[in-house]
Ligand code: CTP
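Read the single chain below, which is given as structure tokens and is the form predicted on its own.
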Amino acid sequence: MDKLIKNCLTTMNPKILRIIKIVGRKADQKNLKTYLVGGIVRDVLLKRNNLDIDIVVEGSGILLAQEIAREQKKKLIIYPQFKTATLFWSEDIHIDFATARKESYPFSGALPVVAPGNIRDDLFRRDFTINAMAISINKDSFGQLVDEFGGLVDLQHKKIRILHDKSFIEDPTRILRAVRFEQRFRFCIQTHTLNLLKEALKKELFKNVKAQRYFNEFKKMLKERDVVLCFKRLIQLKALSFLSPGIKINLPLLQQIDKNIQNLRRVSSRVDPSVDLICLMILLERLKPKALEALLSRFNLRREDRVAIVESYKWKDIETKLSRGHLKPSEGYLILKPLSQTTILYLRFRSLKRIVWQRIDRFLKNDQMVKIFLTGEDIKNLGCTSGQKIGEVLDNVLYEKIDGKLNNKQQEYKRAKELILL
């Protein structure tokens, strides 16, 4: 067994393995039992890449993090109330250190009460058996798997299983996580776990959790690569009522996301950060205005996200404007420029009209980047003193440049002089 785990470790990203060994050596110097835990252990066993390094220490996780940060000259943020710390190793790699702890829940959906514990206690507080394994990184036991709850067997049998019967009661957000992991790995929720999950849904235990906390877990699902599969499963389980009573999901449109996502990425490198919001727009598009307003208020979305969602309700009007026969590029620019980037991308695959796609693509690739050489000071030097007139001249020069009528600074100056005299 140990040999299998050690072999798995050797297949890790070499950079990550090097970091783990550095942490292990420092832990040995401090005589601290230290473990790699959680999702990275699961992904090591599945031979999947994972840059999120979670370390649990039997002793002081903060102390170990401080020693490594000092030695390696890395930035460290400490959260003393949680006995945790985050060490920023590089731009794309950070290490979360925690002191081994045990948890208890005063009531369903409450935040846990934390007390010091050992590695078994720490693993027992986790959501599913496949996430409740640890690997020792101390030299004398390096690569040894700690699997107190049968996580490796469940991993091999592709099962999502909770650790105890009160799991969904204690933390109802695990309902969403069960579906997310099931669909990500193409696993199955174990029968007893599924029965308990359905019982938790019937009792609407999600109401015991602060709406924002449940919604934050839901947003993680929106970032999944196979988000459509996640929502098919949620619909099957009738697990979306937390959004709004009687919500109806446009599943065919959601399926269209998968077909268009690669095209969207080709259109703009800025797509990825907003894909989750675009999915949310589709989920909410059938809500009536009052229901949407209540949802946006309850889940405390960022202002820019609220604006984008409200804008998306006008997509048909925008589509109609963009579909006009003889629409100049500058006219398309004026339609799209006031909208958020997310709204524009939403419309890009929401519409079925090729002419709309083409005009949005032109805006994203070219028109929104067009700049003119002239400045307000240049217009003043041409004899124009009215602030309003200066703005109008600059705008019109920009629009004509978008339409391909102006190609250089001299042409811009000439056209500005003509516009001033109009």
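This is a predicted model, so every value here is computed, not measured. Quick note: we count residues from 1 along the sequence shown, nothing fancier.
Keep in mind that the form predicted in complex with this ligand is not shown, yet the notes after this line are about it.
- Taking the partner from elsewhere, residue 127 is found to have a heavy atom lying within 4.5 Å of this ligand in the model of the complex.
- Looking at residue 220, you'd find a heavy atom of it within 4.5 angstroms of this ligand in the model of the complex.
- Taking the partner from elsewhere, residue 180 is found to have a heavy atom lying within 4.5 Å of this ligand in the model of the complex.
- Residue contact check for residue 184: one or more of its heavy atoms lie within 4.5 Å of this ligand in the model of the complex.
- Note on the partner interface in the model of the complex: the residue among 28, 392, 54, 361 having a heavy atom within 4.5 angstroms of this ligand is 54.
- Contact annotation: this ligand lies within 4.5 Å of heavy atoms from the stretch 118-126 in the model of the complex, the single such stretch among 230-238, 247-255, 337-345, 118-126.
- Applying a 4.5 Å heavy atom cutoff to this ligand in the model of the complex picks out no residue from 326-343.
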